[in-house]
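Form predicted alone, single chain, as structure tokens, below.
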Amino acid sequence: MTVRVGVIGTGMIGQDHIRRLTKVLKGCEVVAVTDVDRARAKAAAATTPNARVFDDSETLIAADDVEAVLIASWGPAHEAAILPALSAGKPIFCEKPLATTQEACLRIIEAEVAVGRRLIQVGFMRRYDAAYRALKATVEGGSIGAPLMFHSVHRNATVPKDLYTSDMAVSDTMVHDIDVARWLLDDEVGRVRVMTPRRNSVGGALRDPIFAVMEMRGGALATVEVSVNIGYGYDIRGEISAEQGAATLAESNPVVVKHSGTFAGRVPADWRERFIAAYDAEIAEWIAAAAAGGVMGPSAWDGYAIAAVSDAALKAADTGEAVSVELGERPALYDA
């Protein structure tokens, strides 16, 4: 079966997903695209054999030949695309964030619960990375005992100075670490504190780096370092410290070269290089689930919970105090 996909948003990540759906994965076809920049949508459509360009997301979603919807538009537009797609009963892949406010996330959850089945997968791709999956399997296998702490490091070589704001260190960057902490520890965040050490002079007035401590409701701790002007490359690290051992993400380069008294390996240049296989895997699994009429993976509840932690972390960064994370009652739809 071929799943016919409509893509909403044809910026950098939307174009990359269109390439993936068209040239990398099987069992799918891009049949429709839309973007607020029509010229960009037309250029994206030209890279696929049969995609039509639509004026807006609602007409794309309503099209009879669109069986599943991939949303890669900017965050504030997500809710307006998700709600009609839910009403149409079409499986949805939504790049993070699910929405830009907790209130919008809750409206989306309410709409999905009213449908009576999960139709939304949110794009937190680290869960599909082979190294993170091996770390998760180690925790679940029980060989190192119960996890006590998770240490996460998220370093960018650089960020655009005219586009990247201090808040984005949490709302755009650390959200991935929040997600994997919840996933690896199988728990929600109870409180979060964010500290700012001496600033990196490369970033000017940017709040960089930051260091967060998340207290999980079950008692474990998760720490996160976010540095976005580290210079040397895109470096992702993670370690679970447990009762009877530890498990650490391995370096991603296939070889270590030793020469002239030194040893070295490649550091990925950016997020695309480090996680391209994870992006392929998450969309492949979404297509497989969509072919059966549903979705798997990170849910609307995950999107909401991460938004709640992110909001609390931003408040903590501003106040210097630990801030509690308040969550509503999780609907039974998301218990599985």
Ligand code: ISE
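A residue's number is simply how far along the shown sequence it sits, counting from 1. From a predicted model like this one, the values you see are computed outputs, not experimental measurements.
Just so it is clear, the following notes concern the form predicted in complex with the named molecule, a form of the same protein that is not shown.
Heavy atoms within 4.5 Å of the named molecule in the predicted bound form are found in one stretch of 83-91, 167-175, 110-118, 183-191, which is 167-175.
With the partner removed from view, the residue among Val139, Ala104, Met125, Ile210 that has a non-hydrogen atom within 4.5 Å of the named molecule in the predicted bound form turns out to be Met125. Mapping the unseen interface onto this chain, Ser152 falls outside it, with no heavy atom inside 4.5 Å of the named molecule in the predicted bound form. Contact check for Tyr234: a heavy atom falls within 4.5 Å of the named molecule in the predicted bound form. Contact with the named molecule in the predicted bound form holds for all three of Lys96, Asn156 and Trp271, each having a heavy atom within 4.5 Å. Taking the named molecule as it sits in the predicted bound form, the stretch 245-259 never comes within 4.5 angstroms of it through any non-hydrogen atom.
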